[in-house]
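Before any questions on binding or motion, here is one chain by itself as structure tokens, the form predicted alone.
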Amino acid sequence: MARSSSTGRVVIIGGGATSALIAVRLAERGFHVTVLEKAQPGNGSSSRSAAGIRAQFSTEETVVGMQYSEWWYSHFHDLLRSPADVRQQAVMRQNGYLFLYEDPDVIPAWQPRRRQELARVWQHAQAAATMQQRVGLPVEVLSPQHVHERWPHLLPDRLTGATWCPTDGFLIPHMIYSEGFRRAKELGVEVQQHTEVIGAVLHADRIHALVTNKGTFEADWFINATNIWAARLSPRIGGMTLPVSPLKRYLYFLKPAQPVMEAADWQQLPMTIYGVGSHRGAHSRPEQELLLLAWAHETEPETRFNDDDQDRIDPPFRHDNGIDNYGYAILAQVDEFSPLLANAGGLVATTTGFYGATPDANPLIGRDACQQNLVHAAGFSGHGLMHAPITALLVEAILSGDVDSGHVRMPAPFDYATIDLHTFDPGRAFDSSSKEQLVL
């Protein structure tokens, strides 16, 4: 991809990881960039994430993009020119992602639909693994016994198999946006905190300037990188209606009463997903000496949320609200696959935040349907941190004109691949779009 310079002016709205990495790429390209954040960097979901990163998706464009993101994070400090003291800590731990799939035969015969669903889910998983392997991802399909041999704390009894990718893992969120904005400022990016966008000055089908509580900001391009606020912001500045639903999610932390395995083995535990399909999806990973647990429960969108609601923990979801709380429902799921982990200790903390979910669980990355110079980069459905590097690359391509018939050529070492931007078009028809199957 040719990288010509530009002198265009860009205003990015939002102060999370996505904004930080977009700002860096655009500044390196020669754009004059201003970031507007209504509070402070990390005010949204970036600082409240379970921080997983994986390329095991069912949408091919996402798999290719996430291969790039994992490569980018493995070179994080070099690409951002981090100072020596920061380089001592890696931003990514590649412990791998392990998806466990249940054997339909463990389900009672009087639940035929459930048995059919499990068979279908496993079939989809194997097809996804074949696609992932075809585009270069080192995914393995494992037998139940192979799972037990690698991870003895996981019982093989109810498994039909698993998929495993060793290059997946988890991230350190605060380092991404703090280092990202540090580097952005070195490149001349202006970061305006406590600056809330309240409107826009429009001319024909373009935004001329944004109106904020601290004055107006003119630019040639405007980027909506506000994720859970994206649907609220877009019409405020003349943009299209965006189908981004703020869905509450909770994280729990278990503290073992005593060691359940060697410390080195504990620290190398993968992100493990305990079953896929309806009423499944509980997952865990190590968080120092604790075990982080989560589950994407069914919930109604909170469209009227405010900043404080991001940390609001409703009583049924508090870890200290008795054994009927949601955290213990997660442990009950884990117990079916690993009694050793589920009964290792008690829950000691709960944190929470929002997913910015879309109808097909794929992000919105592309031009607005109403304003020609407005680009959206939002709706990551809980995957914003892991998507941030590829999102920044795609936004740069859109602003720089490096798009050929809706496709973006990937840079080395992935220059054999392209990304079809139609997959992430904010104006796509969701009733016929390719829905992401591997959603957590």
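Numbering starts at 1 and follows the sequence shown. Remember, predicted model here, so these are calculated numbers, not experimental data.
Only in words, not in the display: the form predicted in complex with a small molecule, which the text now covers.
S.K.: Quick one: L142, T163 and S284 and the small molecule in the model of the complex, is every residue within 4.5 Å by at least one heavy atom?
M.R.: Not one of the three qualifies.
S.K.: Among R249, R367, R183, H153, which has any heavy atom within 4.5 Å of the small molecule in the model of the complex?
M.R.: By the 4.5 Å heavy-atom cutoff, the listed residue in contact is R249.
S.K.: In terms of non-hydrogen atoms within 4.5 angstroms, which of the given stretches 373-381, 23-31, 410-418, 397-405 touches the small molecule in the model of the complex?
M.R.: It is 373-381 that comes within 4.5 Å of the partner.
S.K.: Although the partner isn't part of this model, could you tell me whether G275 comes within 4.5 Å of the small molecule in the model of the complex, counting any heavy atom of the residue?
M.R.: Contact with the small molecule, no.
S.K.: Taking any heavy atom pair closer than or equal to 4.5 Å as contact, tell me whether V244 reaches the small molecule in the model of the complex.
M.R.: Judged by the heavy-atom cut-off of 4.5 Å, V244 is well away from the small molecule in the model of the complex.
S.K.: Do L233 and the small molecule come within 4.5 Å of each other in the model of the complex, heavy atoms counted?
M.R.: Although the small molecule is absent here, L233 would touch it in the model of the complex, with heavy atoms inside 4.5 Å.
S.K.: Taking the small molecule as it sits in the model of the complex, is P426 in contact with it (heavy atom to heavy atom, 4.5 Å or less)?
M.R.: No.
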